[in-house]
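Next up: just one chain, as structure tokens, the form predicted alone.
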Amino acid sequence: MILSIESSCDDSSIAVTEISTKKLLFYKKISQESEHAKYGGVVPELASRLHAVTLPKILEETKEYFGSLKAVAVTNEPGLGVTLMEGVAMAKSLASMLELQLIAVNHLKAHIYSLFIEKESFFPFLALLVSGGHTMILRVESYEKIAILATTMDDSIGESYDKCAKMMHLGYPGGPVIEALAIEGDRDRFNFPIPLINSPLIAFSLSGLKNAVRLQIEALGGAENLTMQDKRDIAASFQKTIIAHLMQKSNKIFEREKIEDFAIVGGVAANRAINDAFDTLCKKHNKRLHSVALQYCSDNAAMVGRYALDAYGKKDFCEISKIESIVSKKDKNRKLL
């Protein structure tokens, strides 16, 4: 079995996966959303302190598996340095104490492998990785070969949803709130500009759209003067523009890429409207759309463990001293890469 640990941001999670069957034997995740909501976003130092409390509690529940473990896997990049350190410290201790192989897992690759939890992996496929920290389209040809076809020039879609909600005083996290409001809103009331619509660049950009939302809120008298219908209409118009932006750039990629399989991964993969739009686009280009189970869209240790299964098969292990130096560098910069 492989024990996997995830602490890249504000979710504490541990899983145990059986190597031969790929079966998830243990999985638990504790979210910190309620703790960070009062600040309108994740506070890194607070997240780190909460990981220090919750990760050992979850680990206590996995002791029955210790005798069957062959490796420990842990997210080591990218993420918040102070939170990554908590998971890495635990993984290093376990690997040393139980004399296990250590597997360093890239957080983005783990999201890709969320598609294969308790399943066999397949290649090649195209993937939209869309989350609070990342927005990119990838060509995934194999475990070793992943190419970035398009990425954001500034903000991620997930961060933009959260910021839009914050500007309307809707709380954190904002993505689910905006999605729910958009269902009852008039998507045509506000004509927000579609980013890069006249640009030949195959890339994403959300900063201009966020500013357009801010200006519209100010024109309506500020967040405190918005009616409930104003909020619904802003949410619907914002989401409509996000989807139009995704469709325009993705359509260009689909026209040139012959790979028939396409997947949406990452926290924003839970958004139903975005999924429906890509379902239509995939049908237009005769591509098969693959989705991740809802409980595995956001950060979790199950996806870390699933990636680790393929890493273990390829003997892609990491020395304890090496993983330490990688995280120390991230902690020094304290950036969400």
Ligand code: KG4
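Keep in mind the model is a prediction, meaning the values are calculated, not measured. Sequential numbering from 1, following the sequence displayed.
Form predicted in complex with the ligand: not shown, discussed below.
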One residue of G81, G185, P195, G158 in contact with the ligand, assessed in the model of the complex (non-hydrogen atom, 4.5 angstroms):
G158
Of T152, S131, Q216, T241, which one comes within 4.5 Å of the ligand in the model of the complex, counting heavy atoms only?
S131
Is it the case that T54, even though its partner is missing from this view, gets within 4.5 Å of the ligand in the model of the complex, heavy atoms only?
no
Using the partner position in the model of the complex, report whether A270 sits within 4.5 Å of the ligand, counting heavy atoms only.
yes
Using a 4.5 Å heavy atom cut-off, state whether P176 contacts the ligand in the model of the complex.
yes
Residue-level contact is defined here as any heavy atom of the residue lying within 4.5 Å of the ligand in the model of the complex; does G87 satisfy this criterion?
no
Contact stretch among 161-169, 250-258, 196-204, 93-101 - heavy atom within 4.5 Å of the ligand in the model of the complex:
161-169
Go through 278-316 residue by residue and record those having a heavy atom within 4.5 Å of the ligand in the model of the complex; state none if no residue qualifies.
C297, S298, D299
